[in-house]
Structure formats: C-alpha cells, structure tokens
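To begin, one chain is listed below as structure tokens, in the form predicted on its own.
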C-alpha cells in the first residue's frame, strides 16, 4: 500500500524531487510523464461519459470524484499518454485530501518542474481545466457536507 504524504505540499515536494533527477531534459521528462500515466489506476468504462469529460482539454480526459466523509477522491483517464500522465500527477497531489485543502491548494510544483516548457499552450490550458474541475468537485463536496 502506497503511503500518502501528509499534506499537499509534501506531495508536491516529492514530485519536484523526482523531476530534478531528469535535470530538465525535455525528452526524458515527457517520457517520464507518459510512464506515470501508464501507472494510473484503470478508470472503469462506466465513468467514460460525456458528463465526465473535462472541457477545455485538447485530448479527452474523463474525471470522476467521490467523497468518503470529508475526503475527496479522484479517478481519471485520457486517450493520450501525456495527458494521462498530467492528470496522474494532479491525482497524486490532490486525491484523498480534505475539500478545503484542495480548494486552497497552490499547485506550485507545475512551475517548479518546468511544465510550461514541456507542454504546449493547448496542453497548459487543458492542465488548468483539469485543476479547475478538481477544485470544483471539492467545492461541491464541501457544500454538500455543510448542509
């Protein structure tokens, strides 16, 4: 069983450390991101619906979320390896956290690992759309729990 870092910033620091080994080599970084996507847990086809597609992504990305008490969990898939890798990084950082942590998260790891130099503007927009959707799910669960 994988041990989850105690908070979002610790999870981000682990990702930054793993990318530092690649020393900014673009080809190795892209390959590593794709490899991370291959390790993403399989998303059941029943969740690959139009309502679970993230709008604003160049590729198809399906994202679903559920809560267990005050903790929000995510599962996702994509039709491209690099996008699958990107969403896997976000899941690694955000899944299994309290809604407030997710909503307030400053996802600085994206800039620290030089993601803007690795992915184009279309994928950057898609990455922002993924983050926005994950935060919206967290807000929805927070609102639901407050009732």
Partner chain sequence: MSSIHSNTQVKGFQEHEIEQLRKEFPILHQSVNGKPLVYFDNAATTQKPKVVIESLTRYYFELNSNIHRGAHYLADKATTAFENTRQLLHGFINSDEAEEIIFTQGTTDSINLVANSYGRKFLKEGDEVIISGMEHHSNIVPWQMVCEEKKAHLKIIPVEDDGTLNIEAFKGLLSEKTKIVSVVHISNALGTINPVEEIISLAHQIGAVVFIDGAQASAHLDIDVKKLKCDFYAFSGHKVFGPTGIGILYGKRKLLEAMNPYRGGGEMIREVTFEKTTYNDIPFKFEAGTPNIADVIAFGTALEFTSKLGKKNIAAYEEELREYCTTKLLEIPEIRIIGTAPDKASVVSFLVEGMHPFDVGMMLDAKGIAVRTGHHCTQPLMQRFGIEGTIRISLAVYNTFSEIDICVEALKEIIKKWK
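Predicted, not measured: the structure shown is a model, and the values here were computed from it. Positions refer to the first chain, counted from 1.
What comes next is about the form predicted in complex with its partner chain, which is not displayed.
Highlighted residues 52, 103 and 139: none comes within 4.5 Å of its partner chain in the predicted bound form, counting any heavy atom.
Only one segment in the set 76 to 84, 89 to 97, 103 to 111, 63 to 71 has residues whose heavy atoms sit within 4.5 Å of its partner chain in the predicted bound form; it is 76 to 84.
Residue contact with its partner chain in the predicted bound form: residue 27 places a heavy atom within 4.5 Å of it.
Mapping the unseen interface onto this chain, residue 119 counts among the residues with a heavy atom inside 4.5 Å of its partner chain in the predicted bound form. With a 4.5 Å cutoff on heavy atoms, residue 123 counts as touching its partner chain in the predicted bound form.
Interface membership of residue 47, defined by any non-hydrogen atom within 4.5 Å of its partner chain in the predicted bound form, is ruled out. Residues of 30 to 53 placing a heavy atom within 4.5 Å of its partner chain in the predicted bound form, in sequence order: 30, 31, 34, 35, 38.
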